[in-house]
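Here we start with a single chain on its own, the form predicted on its own, put down as structure tokens.
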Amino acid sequence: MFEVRNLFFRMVILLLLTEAFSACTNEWNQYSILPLKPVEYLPEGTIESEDAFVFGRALFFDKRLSRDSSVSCAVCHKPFLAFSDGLDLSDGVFDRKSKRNSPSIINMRYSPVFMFDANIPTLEMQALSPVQDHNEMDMTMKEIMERIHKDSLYITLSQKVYGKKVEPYTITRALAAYQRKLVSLNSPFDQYYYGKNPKAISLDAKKGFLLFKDKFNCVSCHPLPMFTNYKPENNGLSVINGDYGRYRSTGDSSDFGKFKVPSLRNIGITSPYMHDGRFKTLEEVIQHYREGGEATKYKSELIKSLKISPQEEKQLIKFLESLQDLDYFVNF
């Protein structure tokens, strides 16, 4: 009960902050319509109606989709943490732990590939991975169907949106429709850079952006506007718990230690960082790159030691924090 109440109060606080953020000042609001239109990846026949969103949201928070009815998608992707979960490795069924950190799922409509292995091409296909993973939800679509196919809400929405009974086709598409609605493109940095509002971020954040873009060339892997190139890269992390990255799905030695580059949007509230959550703070992340990563055989040639002063570190963090945006709360 305490956990539920605590979650409720956190949600209320964040919703109030969102309202305050949106209604800030007239000076701020005049920049609210931004010329920012990233490339969208929508499979042919994608339906994005309000009913599809409601169908997907109900499924996203439904714990019946897991073996012991203890885990929903929302357990590992919490709205108040930009749909990450704040854990090194996520909680799964029967007190098991997932094998990797749960990344934010905001802005998935702009992603051409999914999962840390960067091996799944659509959100519809991605939905099958956590559902069937032994440590996460440990179910089959057949077993899920047995639990929910008589749910009146799902029956009505499935027929209304897709013209079909509740089945794996409608479940995976509804989940994708919900996630594609979670968009975050109105951060203070966006207001500054795309909205041309010079007062949207601090001077330190502006200097941090220049360091990020020019001096340290972080944009080689984290280019604007989404702050990711969506490619699998080896950023010089040692192997822990036998996780060899993309290599585990391809068997190609050139993929050893490679993980999809994550977006930096909302990074201020999506700790811990990296695929296994090994770094708890942004300071630790910067330290990793200051040292040029670890001496691993397949490390990207882009990862080199950097001379970063304490002042520059502060400025980099101020810039990264300016990428936080609560607008996605409008739709969750």
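Being a predicted model, the structure only gives us computed values, none of them experimental. A residue's number is simply how far along the shown sequence it sits, counting from 1.
The form predicted in complex with a small molecule is left out here; the points below concern that form.
- Note on the interface: of 92 to 100, 145 to 153, 162 to 170, 190 to 198, the segment with non-hydrogen atoms within 4.5 angstroms of the small molecule in the predicted complex is 92 to 100.
- Though the partner is left out of this view, P262 does reach within 4.5 Å of the small molecule in the predicted complex, counting heavy atoms only.
- Taking non-hydrogen atoms only, R248 approaches the small molecule to within 4.5 angstroms in the predicted complex.
- Using a 4.5 angstroms limit between non-hydrogen atoms, R57 is distant from the small molecule in the predicted complex.
- Not displayed here, the small molecule is kept clear of K181 by more than 4.5 Å at the level of heavy atoms in the predicted complex.
- The contact residue chosen from M108, A205, L157, L185 relative to the small molecule in the predicted complex is M108, the criterion being a non-hydrogen atom within 4.5 angstroms.
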